[in-house]
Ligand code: C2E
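The form predicted on its own is given below as one chain in structure tokens.
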């Protein structure tokens, strides 16, 4: 059954009783029969209406697609799935009754913009599908990116509504179910993966979805088989270019093929499986450090990344302590890197974690500073120890280029701000001698990048460690 809410059930029951009544009425009673036929037509139309919003329901979407298929005009259309951004805020601010009215006005206005050749259909709640002619695409993308709806008649307040949307410019012979799958994929990528206003379905996206399904299907076994390998990228001091630390990075060797992180890390973050991988890496780092201690090798601090997904776990600190302490690794040899984009989670929860880690003697770093959505409060109010400057702030080209000049100015002020706040700075992604000179000029003496070393497998990293002996 494609879609059937309580409203549709009531309409269907009415239609059934109406059919029974018509069967009992004589054809000679023309007036009654005409009225019954009119009622049947009205009920048929009502069966495709949503229960509390003045647009069609999902049944109509499938019906509309089937009609376009029959008319052989399907390739002239675009399909879309969308849901409202932060609509719970609208309900909280104006109340559910006015929230429903606002939503109704938004979709009715959208429907009018499609003209008579398209439809908006409610899936459930604030989630909708739609079909419209390709020449209306610019209008629809603009409308869903942000439209003002008047809220009050007296105070004239307005609410701005926008949506996450997935689009499919229909090609070839497709069924309604195939179209639903495609717009669903695109919508899911827009809302949950890329966090952008909209995404268009194409073959590349289909390949990404197939990769996502494959990663999720084999991940658990790959973890059990220890297919994930820890690579260590050295951190150096620019004062004498000696190794002073490392970052633990993950590589995946599956059936002899090395699978790079971009193929599996985003997938795991979306499904929360990243938490299992993070603790797997932490445990393997601790196991290596414990072995190096037993063998009398020199130790350096190793940083391990924790995804922001962990911040939903109230016991995350206890879990970290349990892993590290099970290998008797001194806490000063572990650094936890938290990406700057953790600002989209509860600020108090993040602060509690950072304080807890520092209290137990761990270093804590802000990773990829400058590429997320942080405010200066994230830096000012958290007891970080390390600030990692993203490579996008390092000049790479012509010194006279305006963009390169801006990078130098921003780099100087980021380093100065961090140091004034008592933070150590490390630049990542260092690739040229010119970048080293700039860092030195700005009193930043910690760096990592391909200029010094690529991420190294354990055996090669041990060789680099032994150079310290």
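Numbering follows the first chain given and starts at 1. The structure presented is a predicted model; accordingly, all values stated were derived computationally and were not measured.
The discussion below concerns the form predicted in complex with this ligand, not included here.
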property: Location of this ligand contact in the predicted bound form, chosen stretch of 248-256, 293-301, 215-223, 188-196 [non-hydrogen atom, 4.5 Å]; result: 248-256
property: Listed residue that, although this ligand is not shown, lies within 4.5 Å of it in the predicted bound form (heavy atoms), from 274, 102, 180, 354; result: 274
property: Position in contact with this ligand when the complex is considered in the predicted bound form, options 306, 170, 236, 286, heavy atoms within 4.5 Å; result: 306
property: 4.5 Å heavy atom contact, residue 261 and this ligand in the predicted bound form; result: yes
property: Contact of residue 335 with this ligand in the predicted bound form (heavy atom, 4.5 Å); result: no
property: Residue contact check: residue 123 to this ligand in the predicted bound form, 4.5 Å heavy atom; result: no
property: Heavy atom of residue 281 within 4.5 Å of this ligand in the predicted bound form; result: yes
property: Contacts with this ligand in the predicted bound form - residues in 427-442 whose heavy atoms fall within 4.5 Å; result: 428, 429, 430, 431
